[in-house]
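As structure tokens, one chain now follows by itself in the form predicted on its own.
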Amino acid sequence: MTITTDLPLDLAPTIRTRPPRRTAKPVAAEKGTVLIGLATFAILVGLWFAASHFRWTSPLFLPSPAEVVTQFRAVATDGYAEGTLLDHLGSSLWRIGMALAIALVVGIPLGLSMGLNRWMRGIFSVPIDLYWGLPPLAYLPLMIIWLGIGETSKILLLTLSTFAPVCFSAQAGVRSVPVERINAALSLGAKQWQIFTSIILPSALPEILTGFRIAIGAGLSTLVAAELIAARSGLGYMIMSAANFLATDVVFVGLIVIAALAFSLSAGMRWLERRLVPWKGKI
């Protein structure tokens, strides 16, 4: 791989004897943000309790928190729609995990190549742009026609929905590197692979992690939609089965589990960003 200076890449190695200390002010701001979030969550739960207690709407449309908790235990132990809650959660996690793994293994190298090489960028950017502009459900029927209603069609659909954010974020990360850093490293005698591993890749990592967080959200929304149409297991399938029988409390159980899953994955990504790119937002 040849790194040329016509690319808007840059990553001059900045030497620090030790990482900058976090001041008390940013830490206090982070704690304040967490407290605001917890207060907002408490208000929403309180409104839910009030709406069910004062019968602002029919329990058919808005079950009480107690009913949802009871149904959660029933689904977790006795199961619903041909499987327990753990079975449905495991099916959904396996599908989204496979799709994200494929998107990472293929999307990151391709995105880095597109950022480094104009030919790769010219060849792949248009096809990815064209399919990414389509809603995943628009080409889900084609997936089913070509590959059937098995796992292959769903995993391919999820891979397509998560691939573009990962690929384009890797490309954007490379293109955001200032070219002066590349030139400075070359003038100091750095090899091509040293520039890539020590300058380009670390600088692109924050963008890659951001793209991965976006891919998680896109994958989860596509996962539920795919399971609503062509699945015999999964959280989306459980929600659709419950909706067909007007079991709103089971629908709430599925929605809460999906929300908790999305929150957990997002929190995990934020933790990973703090460990891998602690300088993000500080320089």
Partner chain sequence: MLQVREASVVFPTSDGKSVHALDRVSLDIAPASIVVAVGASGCGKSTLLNAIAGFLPLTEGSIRLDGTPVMRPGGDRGVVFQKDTLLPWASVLDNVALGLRYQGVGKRERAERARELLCMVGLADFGDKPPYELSGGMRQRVGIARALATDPKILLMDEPFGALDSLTRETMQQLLASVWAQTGKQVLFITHSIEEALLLGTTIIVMSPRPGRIVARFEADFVHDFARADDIGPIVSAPRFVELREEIRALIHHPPVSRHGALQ
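Positions refer to the first chain, counted from 1. The structure presented is a predicted model; accordingly, all values stated were derived computationally and were not measured.
Keep in mind that the form predicted in complex with its partner chain is not shown, yet the notes after this line are about it.
Within this chain, L188 lines the site of its partner chain in the model of the complex, having a heavy atom no more than 4.5 Å away. For the chain shown alone, L112 is not a contact residue for its partner chain in the model of the complex, no non-hydrogen atom being within 4.5 angstroms. Within this chain, S203 lines the site of its partner chain in the model of the complex, having a heavy atom no more than 4.5 Å away.
In the model of the complex, its partner chain sits within 4.5 Å of a heavy atom of R181. For a residue to qualify, one of its non-hydrogen atoms must sit within 4.5 Å of its partner chain in the model of the complex; none of S58, F61 and S241 qualifies. A heavy atom within 4.5 Å of its partner chain in the model of the complex is found for one listed residue only; from Q194, S176, S125, T152, this is Q194. Taking I199, I102, L209, L160 one by one, only a single residue has any non-hydrogen atom within 4.5 Å of its partner chain in the model of the complex, and it is I199.
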